[in-house]
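Two forms, one protein chain; structure tokens for each follow separately as structure 1 and structure 2.
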Structure 1
């Protein structure tokens, strides 16, 4: 019986359990227009990567607890000290010193607005979101950057006020655990597993 590949770390080593790849046979590719002559072969492959979030792990863990973290350069010598970044950056892009982790949840709840957006009816393979996907790029008061995420309740427009929601039940520990809804959306309107 097969089992999804699972990983934990012990003594700073990856410990693996389950199946990390699945065997599927190669199949010939033949030319229907030329007597079914051989042209090539399929090469099937499904595998599982083992990826470290490193210094950003705290950001993804916090989403599952309903918190949106950002970082801020507090180096007094830095030309851009006080700048706040989300996407969360570990080190300041100017002085390269390690930045302070700050909780941006309240700022996001009170000031997040849509900078730009896009509804996309298509997706690539391995997509887990419902289509059409409503991409939004979000501005926050006092933040230097514009975060990309997705809207699940409401019709996006420039300047629209949005609030974050978090997948605190059954989190995926990916960026998909963070989504947004139009301000004024009620708890009953949220997708399964999400809360404010």
Structure 2
């Protein structure tokens, strides 16, 4: 059993199992310039946060299965009927109707291109991506929006054809389970745990 708390849902209620707060002994802060004089203590604490995906859970689950889902407004009375959106949206931004879930995997594999990009040499705390991070904004045929993600194989350039890869081995169930590579990349070039 994990030392951290676990959560599941039963009868439409969160059920918690395990420890969610871990106390760690205080550690002294000492002045190395003044005979190791005590200046204070650290107060480390570990917490487990519970993040609910709600209606977007299907999107993150699909990434772990090698699928990229999007949503489409099918409300005949909406001014933007038929518009496809990724990132995944639950409700239409124009009419607020519930959107239809569609599989965009094949469209992404055949038509994804880099709209714009930037490389980030330094990042904030808790970054899990290797630096430099190659952030890319991706456009797809027939999609009304642009998706921001990251490129793991290739050097980004405007109009570059890219294909999605998915972390299906040891998925995190976050957006980091989706990445992109330059078209023509082989399976041997992919990061560990990722596949086409």
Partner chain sequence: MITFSQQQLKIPRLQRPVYLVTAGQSKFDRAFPDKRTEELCIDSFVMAAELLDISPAELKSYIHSCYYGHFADHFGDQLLGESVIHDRLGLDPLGNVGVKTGGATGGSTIWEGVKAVASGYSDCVLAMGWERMDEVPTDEGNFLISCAADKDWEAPLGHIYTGYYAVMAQRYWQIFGKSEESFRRTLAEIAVKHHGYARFNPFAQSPMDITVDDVLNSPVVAYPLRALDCCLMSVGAACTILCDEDTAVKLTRNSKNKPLRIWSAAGSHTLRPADRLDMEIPLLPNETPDQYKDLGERFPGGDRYPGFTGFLAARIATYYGYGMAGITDPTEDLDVVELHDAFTISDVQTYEDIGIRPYGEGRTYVESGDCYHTNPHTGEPGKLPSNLSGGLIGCMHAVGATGIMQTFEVATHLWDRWEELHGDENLWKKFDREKPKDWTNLQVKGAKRGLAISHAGVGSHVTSTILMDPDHLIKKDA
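Values in this document were obtained by computation on a predicted structure and should not be read as measured data. We call the rigid core the largest set of C-alpha positions that still match within 1.5 Å between the two forms. Residue numbers count along the first chain shown, from 1.
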In this pair, it is the form predicted alone that is given as structure 2
With respect to the change between structures 1 and 2, which of 145, 15, 116, 163 is the hinge point between rigid parts?
15
In whole degrees, what is the turn of the smaller rigid part against the larger between structures 1 and 2?
22
By how many angstrom is the CA atom of residue 46 displaced between structures 1 and 2 after fitting on the core?
3.9
For residue 31, what C-alpha shift in Å is seen between structures 1 and 2 once the core is overlaid?
10.8
